[in-house]
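Shown here is one chain on its own, the form predicted alone, set out as structure tokens.
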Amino acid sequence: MAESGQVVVVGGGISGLACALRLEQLSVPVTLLEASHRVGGLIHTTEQDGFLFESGPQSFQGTEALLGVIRAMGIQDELCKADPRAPRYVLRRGRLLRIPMSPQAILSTSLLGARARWKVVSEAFRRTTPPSEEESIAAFVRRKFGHEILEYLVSPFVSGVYAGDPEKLSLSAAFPTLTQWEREYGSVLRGAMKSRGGDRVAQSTPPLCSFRRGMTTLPQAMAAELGERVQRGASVEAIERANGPGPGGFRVRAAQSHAGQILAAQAVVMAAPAHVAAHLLAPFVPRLAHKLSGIAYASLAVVASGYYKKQASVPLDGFGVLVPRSEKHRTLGIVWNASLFPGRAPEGQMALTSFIGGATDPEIASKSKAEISAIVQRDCEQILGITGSPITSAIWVHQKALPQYNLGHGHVVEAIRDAEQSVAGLYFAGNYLEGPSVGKCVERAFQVAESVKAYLESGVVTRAD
């Protein structure tokens, strides 16, 4: 039996929720189908023994679009912002060294040698031209700044954002602004200053945010606003082009509670992971499905631990620490949650979250949770000087945690845009398009919703770019 409806959104992660929410605000009838019994994708908060743990993203940058959603949901009073001055650290030769966050700090930092410091601060006075071929992040940084900057600043940062390998990640796909600045100004520092207003660069950085009761607050509020338009436990089994007059007709077959249903839609928004989208689209967009199936995903283990503060040899005040591969630890980074946001740990205790695995250490995902926990505990002892076992801990292993914007990824994005042009009523939202951050996902989802609205009103296919 077919149920009428103008738009079906497939996937209830942050992208699908944001797209459905914006469609609802635009008075477009929408149904969101989520295969699991909870929304939010990797965003999930757990309360355990008085600690607040996150199984996925630990925080988000408060972009204007995202803060607008929070205000619209009426949860702005639940928002908490980290101190923008909270120091970030990198491990070098076993020591925690502050990451320099300003030109003055770069000149005086002990994290980098004199030659590396000079390469950074003098980059604004040099002009370079990007190569004609696509360039990896590692190749770009070596060419512009040298190996030391790559090893102790850029590679750890890339691991923290993408869980990726800088030798494989595409600069133009992952950080397109850097390519644009070098092309236009011959210098990324000069481009940053001219594009953002010089000394106002630091002030323009969105604040780091979460909620008093954790990251789950956001997707739960969005789902509550959508109400019955969200169907949980609804697994999409097939998407078919509808026969008949008019562009953009689809039939979406889904199973829910052992019962099948067919939803009629004028437009479909794919907000599921790339490999899920590939499977559903293979029957009628096989070439695009092949490209989507080729998007690599990095596996990642997240280990949340609670300790007494007295177990640490030094106070853990700040954002956390990134761990370069050359330091011979398997942990990629450790976030000091309790020093960032209130309510993460009981009095006299502290909450830490370690990330391990990623594209540079895929074998981690095949290990048992006990093995992963033992590795992380040993790394915490050696990196942070923590003694003894944690009071409590939780571990999540995400086999497909983050899409990799590897060399050639731009061709996939272009194929998606071509599909939005050629297959009337088909649109895409997700973290494999314009960035994996929560803010980027929301911005892309809003763009898609606006394009869907325009398409339904005019019958003209519009691109979400």
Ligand SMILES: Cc1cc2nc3c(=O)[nH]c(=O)nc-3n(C[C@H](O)[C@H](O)[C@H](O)COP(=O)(O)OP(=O)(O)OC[C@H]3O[C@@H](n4cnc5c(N)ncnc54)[C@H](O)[C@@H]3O)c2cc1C
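Source: prediction; values computed, not measured. Heads up: residue numbers just count along the shown sequence, starting at 1.
Same protein, other form: the form predicted together with the ligand, not shown, and the subject of what follows.
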Should the three residues 43, 55 and 437 be counted as contacting the ligand in the predicted complex, with contact defined as a heavy atom within 4.5 Å for each?
-> yes
Tell me which of 132 to 140, 296 to 304, 95 to 103, 78 to 86 has residues with heavy atoms within 4.5 angstroms of the ligand in the predicted complex?
-> 296 to 304
Interface membership of residue 352, the ligand in the predicted complex, 4.5 Å heavy atom rule | no
Could you tell me if residue 441 has a non-hydrogen atom within 4.5 Å of the ligand in the predicted complex?
-> yes
Using the partner position in the predicted complex, report whether residue 273 sits within 4.5 Å of the ligand, counting heavy atoms only.
-> yes
Is residue 180 close enough to the ligand in the predicted complex to count, meaning some heavy atom within 4.5 Å?
-> no
Note: exactly one of 401, 416, 69, 426 sits with a heavy atom within 4.5 Å of the ligand in the predicted complex, namely 401
Sort through 234, 171, 332, 153 and report the residue having a heavy atom within 4.5 Å of the ligand in the predicted complex.
-> 234
If we check the ligand in the predicted complex, which of the residues in 14 to 35 reach within 4.5 angstroms of it by a non-hydrogen atom?
-> 14, 15, 16, 33, 34, 35
